[in-house]
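Each of the two blocks below gives one form of the same protein chain as structure tokens; they are labelled structure 1 and structure 2.
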Structure 1
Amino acid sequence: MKKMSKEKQKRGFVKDILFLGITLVIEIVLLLIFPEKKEPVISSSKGFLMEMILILPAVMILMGLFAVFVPNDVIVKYLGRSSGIKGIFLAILMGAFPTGPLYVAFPIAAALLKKGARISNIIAFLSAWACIKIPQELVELQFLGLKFMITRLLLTVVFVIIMGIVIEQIILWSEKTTKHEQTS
């Protein structure tokens, strides 16, 4: 299983390199045809490259530390038994802490479902994992500014909670109706 995902990663990396190569070729061809555009293109790229170089290593270190020091089974342990408002906020916090792509969170969510955690908490956890990562928020802060970052963060937390409750109600309701149909 692990070997397979490694191979998949390798293939993804080759794809990324290929993508970079293609964009590079397009850039070179375009700049050869329109040499007068060289100035704005290069200077804009350079500005963003500098900003990225300044923060990317630190962001990667933070992500690595979170991933190693907050292992997945700890999350399952804490979220499996939490409930109420506290549970939802804990779910969001837990989702925001560790790192890794979204598909890493699916098995964790499945384990939580089996443990009997509330659906609203699981939805909140998944959504937080997807879009409220602490290292990501730092990059958002760097590029889009404090006001944008804070507003989007607050709105996201509010709507993720609402979405969790709505999905929970829908699923409970649909389970009830199917049960009802079975008995009648």
Structure 2
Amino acid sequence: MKKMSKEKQKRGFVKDILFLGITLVIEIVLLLIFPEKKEPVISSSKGFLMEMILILPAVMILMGLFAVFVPNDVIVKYLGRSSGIKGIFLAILMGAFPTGPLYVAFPIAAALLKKGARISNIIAFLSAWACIKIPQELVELQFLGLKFMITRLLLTVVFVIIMGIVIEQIILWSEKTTKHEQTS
């Protein structure tokens, strides 16, 4: 079992390196075709790299603390399969409070999933992180009005819930089909 996991990790690493290599080749080809874009591309890439270097180590430390100090049964109880609608709303709330780039949410989502959170709750968490932010809602209220903010917020929550359930069903169906194909 452990050997299979290491092989799976190794294949994932090779895929990541391949993806990085293909991305770099595409970038180089595009820069050769459009040399006038070289400066903005390099400047933007440098900015994103610096942002990630500054933010991701703190996130990784928090993820380590989360992995050690938050027991799996707590995650299963509040965000797992049996959490129901309360789990979805808790996931939306967890995603709505933090401010920061969406890529910070991905390691958190992966840790929650690994600890037993339901897929639909992870979709709700990521979608809330991307679309619902408490400070953003207040700015929206100020510029677009209460009616607009409430309508957009309610529709966002409804569609986030629907999207989470649909994506969960698709993933479960896909996994079931793959397992069935492997056994037959």
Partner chain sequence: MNMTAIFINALAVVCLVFALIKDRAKTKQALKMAVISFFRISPTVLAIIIIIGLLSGFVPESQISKIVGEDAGFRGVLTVALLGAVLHIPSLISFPLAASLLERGASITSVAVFITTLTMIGMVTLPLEIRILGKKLALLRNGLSFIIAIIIGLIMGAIL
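Think of the rigid core as the biggest set of C-alphas that the two forms share within 1.5 Å after superposition. Every residue number counts along structure 1's sequence, beginning with 1. Just so it is clear, the model here is predicted, and its values are computed rather than measured.
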Only one of the two shown forms is the form predicted on its own, so please name it by number.
2
Would the C-alpha of Val59 be classed as shifted by 2 Å or more between structure 1 and structure 2 after rigid-core alignment?
yes
After a rigid core superposition, would you say the CA of Ala110 moves by 2 angstroms or more between structure 1 and structure 2, or not?
no
Determine whether the C-alpha of Asp16 shifts by 2 Å or more between structure 1 and structure 2 once the rigid core is superposed.
yes
Relative to the superposed core, report the C-alpha shift of Leu49 between structure 1 and structure 2 in angstrom.
29.8
